[in-house]
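Only one chain is included here, represented as structure tokens and corresponding to the form predicted alone.
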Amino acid sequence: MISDGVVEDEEKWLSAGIAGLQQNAFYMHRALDSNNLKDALKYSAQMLSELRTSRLSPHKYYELYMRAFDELRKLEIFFKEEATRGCSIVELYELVQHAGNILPRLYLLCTAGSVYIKSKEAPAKDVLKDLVEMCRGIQHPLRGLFLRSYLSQVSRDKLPDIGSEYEGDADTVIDAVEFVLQNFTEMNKLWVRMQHQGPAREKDKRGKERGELRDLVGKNLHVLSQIEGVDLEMYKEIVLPRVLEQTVNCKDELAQYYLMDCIIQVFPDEYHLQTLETLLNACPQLQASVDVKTVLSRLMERLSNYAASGPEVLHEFFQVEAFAKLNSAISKVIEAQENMPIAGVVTLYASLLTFTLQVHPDRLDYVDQILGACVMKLSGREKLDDSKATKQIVALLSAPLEKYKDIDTALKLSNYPRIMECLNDGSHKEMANVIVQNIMKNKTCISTAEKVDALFELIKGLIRDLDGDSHDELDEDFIEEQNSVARLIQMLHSDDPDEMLKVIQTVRKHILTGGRKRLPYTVPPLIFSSLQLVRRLERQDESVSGDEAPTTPKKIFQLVTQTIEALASIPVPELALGLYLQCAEAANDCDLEPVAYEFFTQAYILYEEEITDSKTQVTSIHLIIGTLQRMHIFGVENRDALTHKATGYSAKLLKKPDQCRAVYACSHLFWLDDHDSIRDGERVLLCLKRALRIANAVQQMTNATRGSSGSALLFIEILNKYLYFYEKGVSQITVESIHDLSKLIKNEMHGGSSPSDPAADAFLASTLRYIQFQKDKGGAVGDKYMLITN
């Protein structure tokens, strides 16, 4: 780490260098203004002498260099003006070489050389060759790099490229390429040499400084890529071999990684494709510490994007057998770098898979081959806990899903589940969730039991605890996961009833292994899928609805019963009761009275033996009443037994108001509009009178405990039931009984001891408005309401 003292000293040295540079630049400007060439060269050389320092870090040296660069641009303009005034550019080129120190001399030479080339008094290639050779006189890495960077900067627009004004019989694009390659080679040598100068304890510092200078070297490759004359043939025969030779031979980790990345980023994708073998053969020759996986991954990413640019380029990939070459190169790299982390191995295969899915989407054998190679590397290891590796495996497994948008395709890959087995429990669950979300996003229909079995084996991390890892606490993530599984179960469908039954049986086999915390989420959707199948079979012909038929409602109901019974071990009696009632309603639609009665029996047993919470009892009894009201299949004996039980349960609720509401709800069990056989006005009236007695008891209890009458809300609710059945034509509900109840309500509400109840007042007002509405409406119902006086 650089101490504060060294930083302060460096600032002083930089300030001193800038001051000296500015002073000499001032005198140089005066000489330029007076057209004094001799003094201009003198002060510019003194100005450039400030760049001879060895005390500055690359960052600070760059700041000083840029100030000198700006002044040199002004000097170059002056040289051009001198040439127009008759000064011989050849003599000027010779004159600048009289500077006393080599570094200022070479900066001035490059500046004059730029003007020399532009004058076209000599072939560009000769001047460029002279300059690049002369720059070898500076072997100090930092000073040499910036000098050659300056040479590259002033010459880049004067290269003899195709179509350039500097192209001629003596100057060809080969000369331009040779110049840039030679400059690149020398700069890379200087850059690498920096790593080996200085004490070993400052190795990390030097590495950081070299990282700051890498763009100076990389700009040469960028210049090469911009030369119009560098076609595929020249790139293949000259440029790439020379660049790779320098890259491999430098044997420097930082340089090799950066230069390989530069090659991939700056040259065209089609060039990479046509020289793929050459480029890939260099990878195993790199130092073992080089991050080859990132280099190859970026190469495959670029090629994938190139393939995605249009179908017309795909034939190029087929011609060069890109997949085979990349696959072979990856194997060689992994073999050469025995200590490569497993995350790196998976990253390479994930990149290759992305490339393959883009170029060969129809070749599932290629995809499975990649997965198989990955399995080979992962086999024999314990389940991965490396977060980077597991993240890459999840990306690897997600790629086919994102490409094909169809889990069916993934299920055809034999190595897909084998890779999932390599994941730890957390990552397995994460990947399972990705699969489920993909299915729901793409609305994929999975219609066979075989596919369902394979799918649920893939997502077993969501279906059951792996390796005995059980947590009793239910967090939001767990609940969301189970809700996703529930939605997945609802999406499973087959038009063939026999196959759909097999699907249901397969799902049941898997979810029953889920344990007590999962069953409340996964059993209900399975039950509803089963009932949906039952309703599809409702209209099945009698000839195929017997016990010999492969799929019948009876068989499905037997399966459903066994599934609901699994909830008994949790227990969740309220959920089980609701499911039994749903099944009873489905059996009612299928005209299966014994089955429907059995479901109701099971619901009643749960109510009596398992449901003890008073609030749950209230909810359950209203659910029972509502379901029983919709049943039409029962004979008189069975219906009487069930309604008797329901009214008995209602009268035994803990709280009197709950009793009252449940009892008057039971009145609907004895009068159904669409069933003439279920119209018993006497029992309707009996229920309503019983509700009235309970409401009176509530008032008396309130008066005894609080010294005042309670709310008349219950009486108003019962009045609404009276009006309902009066409107339906129940003869036992008379106008007199409605009047009496109305009078009772008014007495209760306007009694001196009754507290004000806004809810009751609003409810009564709404009821009176309804009565008036029916009177105004007229007709048969209106005539009946005319008999009711407010």
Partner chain sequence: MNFIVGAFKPACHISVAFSDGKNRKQIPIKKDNGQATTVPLFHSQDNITGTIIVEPVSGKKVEHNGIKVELLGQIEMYFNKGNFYDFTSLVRELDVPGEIYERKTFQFEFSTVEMPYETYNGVNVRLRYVLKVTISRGYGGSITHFQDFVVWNYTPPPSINNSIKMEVGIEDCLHIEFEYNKSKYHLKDVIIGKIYFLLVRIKIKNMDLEIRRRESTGSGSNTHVETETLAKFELMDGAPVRGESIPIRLFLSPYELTPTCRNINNKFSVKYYLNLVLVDEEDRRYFKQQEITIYRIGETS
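What you see is a predicted model, and the numbers here were worked out from it, not measured in a lab. Residue numbers count along the first chain shown, from 1.
Not pictured, yet referred to below: the form predicted in complex with the partner chain.
Inset, instruction - Report the residue, out of 266, 375, 313, 102, that has at least one non-hydrogen atom within 4.5 angstroms of the partner chain in the predicted bound form. - result: Selected residue: 102.
Inset, instruction - Heavy atom within 4.5 Å of the partner chain in the predicted bound form: which of 515, 520, 137, 426 fits that? Just give me the one. - result: None of the other options qualify; the answer is 137.
Legend entry - residue 508, heavy atom within 4.5 angstroms of the partner chain in the predicted bound form: It does not: once the partner chain is placed as it appears in the predicted bound form, residue 508 has no heavy atom within 4.5 Å of it.
Inset, instruction - Answer yes if any heavy atom of residue 94 is within 4.5 Å of a heavy atom of the partner chain in the predicted bound form; otherwise answer no. - result: Contact with the partner chain, yes.
Legend entry - Residue contact check: residue 98 to the partner chain in the predicted bound form, 4.5 Å heavy atom: Answer yes; at least one heavy atom of residue 98 falls within 4.5 Å of the partner chain in the predicted bound form.
Inset, instruction - Using the partner position in the predicted bound form, report whether residue 60 sits within 4.5 Å of the partner chain, counting heavy atoms only. - result: So residue 60 does not count as contacting the partner chain.
Legend entry - Proximity to the partner chain in the predicted bound form (heavy atom, within 4.5 Å), stretch among 407-415, 391-399, 221-229, 139-147: Stretch with heavy atoms near the partner: 139-147.
Inset, instruction - Report whether all of 133, 189 and 197 sit within 4.5 Å of the partner chain in the predicted bound form, measuring from non-hydrogen atoms. - result: Verified in the predicted bound form; spot residues all in contact, yes.
Inset, instruction - Heavy atoms within 4.5 Å of the partner chain in the predicted bound form is the criterion; list the residues of 51-79 that meet it. - result: Just 52.
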